[in-house]
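First, one chain by itself in structure tokens, the form predicted on its own.
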């Protein structure tokens, strides 16, 4: 068990160090996210009363599309350098590879959220700080589901010639229920609703997380095969 977690951490640490050296993925995702905020901001009148109603949709549209940019590169370095065979030869459950990559994606997406959320509040003049604890819970549950499913599908798409297109085609239809739950929950929180009023949506997000993480973990040995 100790070796299991050591390998998981080694893969996460390798990805983090590689990204910190190049900053290629994080910088491109943040720029893309801010551009989405800017474009949508120009389409609405400043101070419009309906901003609070549409802001959650804009927020999650930006994060979903930005996440795809990062998820597309999950296994790309290993594929380009032919290191994926080395990972597969590691004497450990291949679910550990999935777990490490998924946790790494969660970290990357959360970094993007942390850096871009203040910009979102400035552009749309929404004070999210009174609701921050609830929003962080929603972000964690939603991002875990996105990373869980996206990491598994990325392992499948990386072996195709059209991986940049294949991943969104596979991911978006399956993500629709989770995206709707994330948008509805975020909107309810910004309207000041209590935990009891959003508990149903939180349970739904949790259920999606269990499915989107457990099933890929158990089947990853077959998903990663060429």
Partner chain sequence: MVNKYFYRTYLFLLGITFLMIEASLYYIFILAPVEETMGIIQKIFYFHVASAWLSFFAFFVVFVSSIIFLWKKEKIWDIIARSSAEIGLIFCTIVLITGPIWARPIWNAWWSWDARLTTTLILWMIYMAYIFIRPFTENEIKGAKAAAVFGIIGFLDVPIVYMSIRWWRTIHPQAVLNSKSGGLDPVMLKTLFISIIGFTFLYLLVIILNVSIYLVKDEIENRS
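Residue numbers count along the first chain shown, from 1. Here the structure is a predicted model, which is why all the values come from computation and not from measurement.
One more form of this protein, predicted together with its partner chain, exists but is not displayed; see below.
- Although the partner is absent here, residue 35 lies well away from its partner chain in the predicted complex, with no heavy atom inside 4.5 Å.
- Within this chain, residue 27 is remote from the site of its partner chain in the predicted complex, having no heavy atom within 4.5 Å.
- Although the partner is absent here, residue 113 lies well away from its partner chain in the predicted complex, with no heavy atom inside 4.5 Å.
- Using a 4.5 angstroms threshold between heavy atoms, residue 156 counts as touching its partner chain in the predicted complex.
- The stretch among 145-153, 103-111, 132-140, 116-124 whose residues place heavy atoms within 4.5 Å of its partner chain in the predicted complex is 145-153.
- Using a 4.5 Å cut-off to its partner chain in the predicted complex, each of 162, 173 and 212 places a heavy atom inside that distance.
- Of the listed positions (51, 69, 61, 166), a single one reaches within 4.5 angstroms of its partner chain by any non-hydrogen atom in the predicted complex, namely 166.
- Shown without its partner, the chain has 200, 201, 204, 208, 211, 212, 215, 216, 219, 222, 223 in segment 195-223 as residues with a non-hydrogen atom within 4.5 angstroms of its partner chain in the predicted complex.
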